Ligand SMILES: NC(=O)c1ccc[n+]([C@@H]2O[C@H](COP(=O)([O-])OP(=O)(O)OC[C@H]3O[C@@H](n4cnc5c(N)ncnc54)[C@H](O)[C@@H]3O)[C@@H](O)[C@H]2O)c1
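A lone chain, given as structure tokens: the form predicted on its own.
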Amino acid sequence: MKKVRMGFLGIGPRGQGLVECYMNHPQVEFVAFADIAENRAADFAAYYNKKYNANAKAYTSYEAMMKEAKMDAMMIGMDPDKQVDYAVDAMYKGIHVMTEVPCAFTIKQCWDLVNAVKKTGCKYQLGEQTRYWNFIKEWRKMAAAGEFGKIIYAEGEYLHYEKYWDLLRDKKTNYEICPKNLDELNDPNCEKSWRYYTCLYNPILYMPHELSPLLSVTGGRIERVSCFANKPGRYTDTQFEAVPLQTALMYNSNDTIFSLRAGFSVPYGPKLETGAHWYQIKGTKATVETCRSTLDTMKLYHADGEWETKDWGCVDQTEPDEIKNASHGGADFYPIMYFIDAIVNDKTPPMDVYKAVETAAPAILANESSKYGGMMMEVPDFRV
């Protein structure tokens, strides 16, 4: 069985969990870990090598890893606002790449990813996992069978509240820090992290977790977008100024209207199974939606019937244990599985570069729109 030699760039807490998930795949072999945080890559490499009887090397920079390690593919789990340059460089060096959500923070970065894939032929996949939840798979089946009729509306939200986010990075050790008050936020020994600029001020940039699953059901791409935001302020118990909510209206090429919202600084209770996420699709024949709270259920409405509860859930109980037991409701293993399959069998991964930028670009332009009072923005077609 062919092994894919993997490198991992950015081995923070999220990255460490993903490595464990990767190791449930029989064709994955990690050969290198790199992280700028003091001793983090070395400590994790030692743990990994002992647990899996391996010989992976540790590096403190991308450049050192690329110079020495012999890799077929790379997982990038670092700050998403910086990951594109590394992804593009790796692909031009013949290395397949998967990155975390969102895939890009600017339209230029979207084009850079698309052009790198076109010119190199390398596989690129976005590690977006919510599109693989079981209820989304069931909705895709309904859409393919025509059970929705004409889908006219899709709605989603990502309201993820944490009292303290990792808004800082220590300049000396490069470890993330969760400040508790404004004085800590202005610590001269620290710099503001990427999460400061997304969670506090531009939450709509995290809309790919909503767009990816919804577009997989509706088809088409977002063509136009308008977005509004609350003014930055301290409206909750947080001591940091933040934009509480951004809400975007989007128009899809299949004549479907999307309503999407995101926020990270206002307390909002979790939903059953999907946590901070909520989804709804309305068609001329049927409507579906996920739980609105922990007291709710997933629901289906048929135009010729009544509302009925559904137990679709997030986890597909027919899948093997490595999928069912994966994090994010059994979804984290799917991107890994499809990425490795694309490399080994020379396939296009299901969440390829085009689908990736088609989830990022509308969010990027929605963020711009909100700064200009809801100005309508045209989303470029990256496939032309």
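Every value quoted in this text rests on a predicted model; they were computed, and no experiment measured them. Don't overthink the numbering: it's just position in the shown sequence, from 1.
Beyond what is shown, the protein has a form predicted in complex with the ligand; the following relates to that form.
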The stretch from 310-318, 115-123, 266-274, 77-85 that lies within 4.5 Å of the ligand in the predicted complex, judged by heavy atoms, is 77-85
Within 4.5 Å of the ligand in the predicted complex, do we find a heavy atom from each of T106, R131 and W278?
-> no
Residue within 4.5 Å of the ligand in the predicted complex by heavy atom, from R224, K282, R195, K137, is R195
Please pick, from M337, V28, V31, A37, the one residue with any non-hydrogen atom lying within 4.5 angstroms of the ligand in the predicted complex.
-> A37
At the 4.5 Å heavy atom threshold, is K57 in contact with the ligand in the predicted complex?
-> no
Report yes if any heavy atom of G12 sits within 4.5 Å of a heavy atom of the ligand in the predicted complex; otherwise report no.
-> yes
Consider S253 of the chain shown here, and say whether it contacts the ligand in the predicted complex, taking contact as heavy atoms within 4.5 Å.
-> no
Does A73 reach the ligand in the predicted complex if we count a contact as any heavy atom within 4.5 Å?
-> no
Using the arrangement in the predicted complex, list in sequence order the residues of 153-190 with any heavy atom within 4.5 angstroms of the ligand.
-> D166, R169, N174, E176
